[in-house]
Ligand code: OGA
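Here we start with a single chain on its own, the form predicted on its own, put down as structure tokens.
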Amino acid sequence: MSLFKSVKVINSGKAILLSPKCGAPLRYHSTWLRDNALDVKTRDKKNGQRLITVSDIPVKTYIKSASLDKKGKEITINFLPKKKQVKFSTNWLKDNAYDNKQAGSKVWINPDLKIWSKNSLKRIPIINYKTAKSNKKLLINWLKSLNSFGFAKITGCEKKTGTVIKIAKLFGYVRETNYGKFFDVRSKINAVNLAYTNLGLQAHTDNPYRNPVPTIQILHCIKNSTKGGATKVIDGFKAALRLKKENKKYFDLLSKYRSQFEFKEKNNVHLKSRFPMISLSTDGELIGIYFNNRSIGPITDVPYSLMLDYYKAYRKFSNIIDDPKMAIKFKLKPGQCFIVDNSRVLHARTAYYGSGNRWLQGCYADKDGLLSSILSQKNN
């Protein structure tokens, strides 16, 4: 059944107006349509990459005619002055519509994401490692949940070193850093990072001193017989939206001005970067959280007149993140693993003590691998 009833050329051929059976009509410019043509002379049929440059499109490109087929599923467009006929699926046009969008008009979140707190998330996304390896459909569903909620767990993993690398390969590639392909999270004498102690850690995102920041973190439990050492996860997007609701001025300060993050290590490692604690795209999409009390450096981007207010905003955001109502708490058992979207979900650890042993191994990956796995399955 067709969702569209008509198409007409408007603005002296500079655009078309596509009208659905219900809802507002959608407009598309002639140059945009020509640039996005899907024919084999415009796009490589094997990989879909564009074969033309924007300079190949005449400046005065306009639409001579546009027609909708009887089923309302395909539009045929004829361009001039350079004669060219292309066809578009109306569903493709709908999926890629840009009409009625107003840049920066409001803060918004990708509709594929689900915001949560302690009381609203009833079930943690979880999968068994053997199932993930053997059942593609269940793996993809789990990956979708990981992307949607920003964290998930895996059970039934081998309790030995290097297993975390195999887990990363379920959906992507390991990102090697100065910590190596993977790293051990356990107490060390003269630790180069407070994560390698038995101290409790405030909820944070990892490595904000890098540019780009790793967007996926994986932590695999090999041993955990100590007292304490529980893991907490907090939805940073939920915390940011709560801050905006409770004090928009504070939200604006943390999203406008950048904080500085820094990490030094003896072996010629010195990492520095600057990001806003709350990161928005140019059209107002909430896309990242950069929060790490251990790695924040001197804040120098904020004007003198606003610095006190900025610190009030920083304190307010920190208090929201520390609110027990925000956190989901669990203790990893040997053979279990949890994965977080490090651009969104903060993780914390309670202090641990006693005569037992707590040994986790971690590694970093990037979200493009996760999203590629989901999208490639969707398109097959």
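Numbering starts at 1 and follows the sequence shown. In this text the structure is predicted, and so the values were computed from the model without any measurement.
Beyond the structure shown, there is the form predicted in complex with ligand OGA, which is absent from this document and is the topic of what follows.
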Q | Heavy atom within 4.5 Å of ligand OGA in the predicted bound form - residue from L18, A15, L360, L370 | A | L360
Q: Tell me, out of T163, Q217, N147, S255, which residue has a non-hydrogen atom within 4.5 angstroms of ligand OGA in the predicted bound form.
A: Q217
Q) Can any non-hydrogen atom of L201 be found within 4.5 angstroms of ligand OGA in the predicted bound form? A) yes
Q: With heavy atoms only and a cut-off of 4.5 Å, decide whether I127 touches ligand OGA in the predicted bound form.
A: no
Q) Within a 4.5 Å heavy atom cut-off, is R34 in contact with ligand OGA in the predicted bound form? A) no
**Q.** is_contact(C157, ligand OGA) in the predicted bound form, heavy atom dist at most 4.5 Å
**A.** no
Q: Quick one: find which of 297 to 305, 128 to 136, 217 to 225, 235 to 243 has residues within 4.5 Å of ligand OGA in the predicted bound form by heavy atom distance.
A: 217 to 225
Q) Which residues from 322 to 348 come close to ligand OGA in the predicted bound form, meaning a heavy atom within 4.5 Å? A) H347
